[in-house]
Structure formats: structure tokens, C-alpha cells
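In C-alpha cells, one chain follows: the form predicted alone.
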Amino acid sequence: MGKYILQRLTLMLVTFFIITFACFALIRMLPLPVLDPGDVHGQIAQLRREAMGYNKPIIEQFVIFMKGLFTRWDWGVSDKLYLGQDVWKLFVDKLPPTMLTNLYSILFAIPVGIILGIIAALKKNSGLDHFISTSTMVFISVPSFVYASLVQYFLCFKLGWFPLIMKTGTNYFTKDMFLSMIPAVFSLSFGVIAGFTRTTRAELTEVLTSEFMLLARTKGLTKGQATVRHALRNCMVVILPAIFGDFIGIMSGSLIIEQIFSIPGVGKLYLNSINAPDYPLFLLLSCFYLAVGLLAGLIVDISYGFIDPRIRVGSKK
């Protein structure tokens, strides 16, 4: 297992390095935003450009960039949106609302999705199963921004239960701030609920028809006991890695949802860096999203080995 983890880590780092270089090279080939030489922040940005070797070949620029990254954790300064400010500090300031919004949605959506999947599997081919399965396909197919529009219209505008957009400020754990996050949380939750409902139903339906379940029933276990002790435990081999992957992904946020509800998070910052354009900020956020995706995949792959002993045994053969 240790050898497998080491191989996956090495592959992840190589992939990260290659894609980072590709993004860096493409970004540095683009025309640079014009700076105002009379502005102090513009002068700072210009000095940083010279220090980063903007007038040198791409390979040399990348070496300078990586050297600054490993020695000083220097991602550069913003040259458009927040002129002259350190992009890493800007990123860290925007991370809390993104993480909290996604964390709340996951904590709400995962239990609901698993429970609905269990109900659908236990009531297989019933009217309730057909209703849950059909609803699941609808919710998976509809984009999240459609949910956001419906939530804003019905819950915020018509009923007036929540504000239309997230409250400003940094008091993230107050009641008013939490209430202002709920519309975005609901919008992010529908797709996650549908995904876990479908996965849980499919896995549990297959396990309930397995031979070992028949053996458990013949030994005297009731249907409920056999389901809890054996069926659900086997389903977790697929469900738990998906949960781990979602928890790793809470840092990434949602580009569209954050824009709709004015959440001052990483997703909105990413879109703004593209529209500006702000290349140092865009490069940092691109690397961040890349790292989150690779790390989520790594955690999911490794978790399979820890959850299911058969995978560890098979890897030794």
C-alpha cells in the first residue's frame, strides 16, 4: 500500500508540474495589461514584472517563477484587479466564504442523499422508488444556476425567508451571515443530493440481491439487521471515497453560484481575474483548482485500499 501511495503521489506531482508549466507558458505569451507609470502600485507591479523576468525566454521565466515559489512562496502581485497587492494574500482572504458555503452544503446534502438512496433501494420498483429515481435524474440533469434562480425567486423574493445575496463582512459565524448563505447552500446541495441518491440506490440494490445477504437471512437475521450489518457496510466501499472527494473539493467553490449570490470567495475571484485580465492571480487560482482536483482524485484512490481489504490483497498479487 505504501508503494502504491508513493507512486500516486509521484504521478500527481509530475502531472501538476506539467500542467502548471503549460498554463504558465500560455499566460506569459498573452499581451500584458498596460500599467500607469505615474501610479505607485503600477510602479510596484512593473518592478515585479522585471524581477520575474518578463522580458526573458519562457523557460527562464518559469525557472525564476519556480525558484521564487519554492524559496519565498512568492506567487507575484496583482497587475490589474488589486494593483500591486500580493496575490497569495488575496487568495487566502477569499477562501473562508468559499469553504464555509461548500462545507454547509456537503453536511446537508450527503446525509439526505444517502437516506433517499437507502429508501429507494429498500422500496425497489415501488411508486416511491420510481418517484425518487425520476427526481434524481431531473436534479442531476439541471444546471446549478437554474436552482439558484429558482431559490432566489421563491425563497428569497416571493417568501422573503432569506436575503437575495450573501451579507457583506467577515463575521462568518453570526446568525445573519449564516442565513444569507443558505440560498447558495441549497443551490449547491441539489446536485450532490441527487448524485449520492443514485449511487447509494445502485450499490445497495446490487448488494441486497447478493448471495451473502441470503446467507445472512438464513442464519436468522431480520431484513433490517442484514441490511445494516452487511449491505450498508459493503455499500460504503463506493460511497465513502465519494464523500472524501467532496470534502476535499470544498475549497474549490462554485464559479457560477458565487457570482449569482455575490459570495466574495475564490470562485468569484477566479472569474474576475479572467475578465480583468489579471494574469498572476489567474495563474495562482488555476494552479489551486488543479491541485484540488488532483488531491481529490488521490484521496479517493487511496481510500479504496483502506476501506476494502480485498483491494489491498489484490495489489500484493
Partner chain sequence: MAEKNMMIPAEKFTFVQKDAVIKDKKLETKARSYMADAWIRFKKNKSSVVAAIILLILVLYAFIVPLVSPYKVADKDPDKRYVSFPPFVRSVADQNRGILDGAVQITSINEVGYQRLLAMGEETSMNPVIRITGMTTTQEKQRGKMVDVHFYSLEVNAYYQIGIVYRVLSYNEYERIQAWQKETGIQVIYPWVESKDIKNIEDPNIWYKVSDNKGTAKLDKQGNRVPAYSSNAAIEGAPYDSIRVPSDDGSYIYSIHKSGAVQVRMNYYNYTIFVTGHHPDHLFGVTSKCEDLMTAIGVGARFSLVFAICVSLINLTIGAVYGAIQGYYGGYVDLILDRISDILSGLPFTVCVVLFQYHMAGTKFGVIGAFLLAFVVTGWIGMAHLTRRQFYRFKGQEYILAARTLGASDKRLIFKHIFPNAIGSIITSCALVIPSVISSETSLTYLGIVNVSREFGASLGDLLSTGQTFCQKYPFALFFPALYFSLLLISFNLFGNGLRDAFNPSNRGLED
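Please read all numbers here as calculations on a predicted model, not as lab measurements. Positions refer to the first chain, counted from 1.
Quick note: we don't show the form predicted in complex with its partner chain, though the next part is all about it.
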Inset, instruction - Name the single residue among 52, 271, 69, 44 that comes within 4.5 Å of its partner chain in the predicted complex, judging by heavy atoms. - result: 271
Inset, instruction - Work out which of the listed stretches, 85 to 93, 109 to 117, 221 to 229, 156 to 164, brings a heavy atom within 4.5 angstroms of its partner chain in the predicted complex. - result: 156 to 164
Legend entry - Every residue of 104, 236 and 243 near its partner chain in the predicted complex, heavy atom within 4.5 Å: no
Inset, instruction - Please check if residue 169 has a heavy atom lying within 4.5 Å of any heavy atom of its partner chain in the predicted complex. - result: no
Inset, instruction - Although its partner chain is absent from this view, report whether residue 264 comes within 4.5 Å of it in the predicted complex, heavy atoms only. - result: no
Inset, instruction - Please check if residue 247 has a heavy atom lying within 4.5 Å of any heavy atom of its partner chain in the predicted complex. - result: no
Legend entry - its partner chain contact at residue 15 in the predicted complex, heavy atom, 4.5 Å: yes
Inset, instruction - Note that its partner chain is not shown here; using its position in the predicted complex, name the residues of 271 to 304 with a heavy atom within 4.5 Å of it, in sequence order. - result: 271, 273, 274, 275, 277, 279, 282, 286, 289, 290, 294
